[in-house]
Ligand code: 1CP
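One chain comes next, on its own, written as structure tokens: the form predicted on its own.
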Amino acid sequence: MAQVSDKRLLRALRGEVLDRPPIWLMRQAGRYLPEYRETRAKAKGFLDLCYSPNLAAEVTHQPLRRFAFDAAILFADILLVPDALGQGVAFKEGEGPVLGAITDEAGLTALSLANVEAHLAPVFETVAKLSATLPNDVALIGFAGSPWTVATYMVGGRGSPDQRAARVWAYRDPDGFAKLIDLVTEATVLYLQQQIDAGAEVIQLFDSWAAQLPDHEFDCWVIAPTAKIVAGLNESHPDVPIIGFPRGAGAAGVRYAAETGVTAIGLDTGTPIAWARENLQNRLPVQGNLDPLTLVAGGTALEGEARRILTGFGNGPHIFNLGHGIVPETPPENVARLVDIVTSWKNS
């Protein structure tokens, strides 16, 4: 029988209501830390950083040396999956990710699952290094982008405010677009299974662009592929919890929570606490949802919002996090203050 871990994050994901919630932050390793910028300069480029196990493990450790986080999240990127499938991916200064856009079913012939695991082997090595070196009370989170969000970059060739290219393809040729989604889904299951085998204790699925879809499309391109990933991971690794983060899902988050099988759901900044408590937290653990810009502002805004969230979710299973990732201009001292507020909190 597998031993049940007493790590705070894993306890919350089992549905326990704790004296205070665990805390970790999306993008807790990143440009807001000067030591990250120094390490980043040692790599030839961003992808080289992701594929260099020593550097990626170092970057993952950096926030833990400053702050008492209850979890570390693997340093990688959601676009490593299309890179492994054979789509050209590059990160350009001032532009972000740039991909060779795939705009129709014919473009799928350039993609293949054959080399996914070998291509991503350096990431699995990073996970193994982290599993062996993290503090005993810190949980290790692996992650991937959810198929819809990853596909929007693959089709659009870059980030977009409205994911127009992917949405148009999905409307014009749903069968062809489904083949892309199925391919990304299968690659993601392989990717995450290997992360778990290497030592990841929790998985998070990032669906950062879920907000753009109407109900039927949300069901097809967000809920259905996420459910396939969860089912695949549950079959191979039934004891590993999965956090789904359908950013901007709103009321559709209720269906997402019920139909995907995720263990917990991440909440974006715009999700009302009272609504989430009534419609989500009574069913599964919730994670979130401090506005990242309060971390930039600091002071009374940060303290008031943090305590409002702690109070609002304190009677149910809760993981303290942001409603999206830390932004680069965040002062590290504000992160330290937030962690102090959360770790010193006592639920009444």
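All residue numbers refer to positions in the sequence shown, first residue = 1. The model shown is predicted, which means the values in this text are computed figures rather than measured ones.
Beyond what is shown, the protein has a form predicted together with the ligand; the following relates to that form.
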{"property": "Partner-contacting position among 151, 81, 264, 74 - heavy atom within 4.5 Å of the ligand in the model of the complex", "result": "74"}
{"property": "Contact residue in the model of the complex, from 88, 174, 96, 135 (heavy atom within 4.5 Å of the ligand)", "result": "96"}
{"property": "Contact stretch among 164-172, 185-193, 252-260, 151-159 - heavy atom within 4.5 Å of the ligand in the model of the complex", "result": "151-159"}
{"property": "Residue 221, heavy atom within 4.5 angstroms of the ligand in the model of the complex", "result": "no"}
{"property": "The ligand contact in the model of the complex: residue 321, any heavy atom under 4.5 Å", "result": "no"}
{"property": "Contact flag, residue 288 vs the ligand in the model of the complex, heavy atom cut 4.5 Å", "result": "no"}
{"property": "Contact test in the model of the complex: residue 271 vs the ligand, heavy atoms, 4.5 Å", "result": "no"}
{"property": "Neighbours of the ligand in the model of the complex among 178-212 [non-hydrogen atom within 4.5 angstroms]", "result": "206, 208, 209"}
